[in-house]
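Coming up is one lone chain in structure tokens, specifically the form predicted alone.
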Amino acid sequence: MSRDAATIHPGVVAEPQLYGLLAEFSGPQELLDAAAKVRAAGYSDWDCHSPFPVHGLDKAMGVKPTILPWLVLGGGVSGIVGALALAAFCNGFDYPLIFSGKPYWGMPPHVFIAFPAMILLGAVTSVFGFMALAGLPRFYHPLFSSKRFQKVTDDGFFISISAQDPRFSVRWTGEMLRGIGATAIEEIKD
């Protein structure tokens, strides 16, 4: 049974911490230009938010390719190796059966086990690998507390810069965002 801070220490309310700054831009081209300028300024813990994909935004942000395909490949190869190893152990060592003088273990009949095992482990690895890389499940994000940020699903274009970024300063980061064309800037508390 969990208790919140108010029941542990009555009368004590936790002070909200600064999550970062949220800057709104007037359109997709302005967001694209601003993303390139934020990256050039040396920020590393930031993200762009838009209601639809903006072509070229990944390049402007400097997003690196994901390692997810390599994880899925590893899962698929593990499925093949695991299925063939299990079949070799069961049919060739643990319980060998003699059928018409055939060898205890052969590759052709076990391909039909290895293929679905490859697909299954590759699919499971892709789902759980994606969730781990994306930090999911995450049921709450500090940006959701902003009324302005609700426009991101319709017609809002935003950049959020985390307070955890080494270059972050409320004053200097805010001035930089105003200088690159932000129409509104908001401090986000967590």
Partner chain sequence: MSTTANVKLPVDLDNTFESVIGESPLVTGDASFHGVTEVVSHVSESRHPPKAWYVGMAISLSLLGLMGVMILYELFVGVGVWGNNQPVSWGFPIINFVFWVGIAHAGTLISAILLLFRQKWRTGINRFAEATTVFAVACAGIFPAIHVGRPWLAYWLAPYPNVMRDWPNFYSPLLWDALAVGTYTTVSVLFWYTGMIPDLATLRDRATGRIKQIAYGIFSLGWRGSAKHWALLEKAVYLLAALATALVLGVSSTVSTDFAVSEIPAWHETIFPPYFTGGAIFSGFAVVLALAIPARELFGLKEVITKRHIDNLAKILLVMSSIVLYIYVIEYFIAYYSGSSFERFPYLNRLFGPYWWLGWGIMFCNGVVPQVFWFKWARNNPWLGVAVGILVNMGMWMERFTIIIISLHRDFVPSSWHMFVPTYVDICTLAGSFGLFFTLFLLFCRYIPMVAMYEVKSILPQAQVHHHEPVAVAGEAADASPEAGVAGVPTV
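Under this definition, the rigid core comprises the largest set of C-alpha atoms superposing within 1.5 Å between the forms. From a predicted model like this one, the values you see are computed outputs, not experimental measurements. Residue numbers count along the first chain shown, from 1.
The following text describes the form predicted together with the partner chain, which does not appear among the structures shown.
Visitor: Is A182 close enough to touch the partner chain in the predicted complex, meaning at least one heavy atom pair within 4.5 Å?
Guide: A182 lies outside the contact set for the partner chain.
Visitor: Given that the partner is absent here, does A60 sit within 4.5 Å of the partner chain in the predicted complex, heavy atoms only?
Guide: Close contact exists here: in the predicted complex, A60 approaches the partner chain to within 4.5 Å, heavy atoms only.
Visitor: Contact between V81 and the partner chain in the predicted complex at 4.5 Å, heavy atoms?
Guide: Although the partner chain is absent here, V81 would stay clear of it in the predicted complex, with no heavy atoms inside 4.5 Å.
Visitor: I'd like to check something about A23: if you look in the predicted complex, is any of its heavy atoms closer than or equal to 4.5 Å to a heavy atom of the partner chain?
Guide: Judged by the heavy-atom cut-off of 4.5 Å, A23 is well away from the partner chain in the predicted complex.
Visitor: If you apply a 4.5 angstroms heavy atom cut-off, which residues in 77 to 114 are near the partner chain in the predicted complex?
Guide: Read in sequence order, the residues that approach the partner chain (within 4.5 Å, in the predicted complex) are L86, A87, F89, C90, N91, D94, Y95, F99, K102, P103, Y104, W105, G106, P109, H110, F112, I113.
Visitor: Does the C-alpha of Y43 move 2 Å or more between this form and the one not shown once the rigid core is lined up?
Guide: No; Y43 is a residue whose C-alpha shifts by less than 2 Å between this form and the one not shown when the cores are overlaid.
Visitor: Verify the C-alpha shift of Y140 between this form and the one not shown: is it 2 Å or more after superposing the core?
Guide: No, shifts by less than 2 Å.
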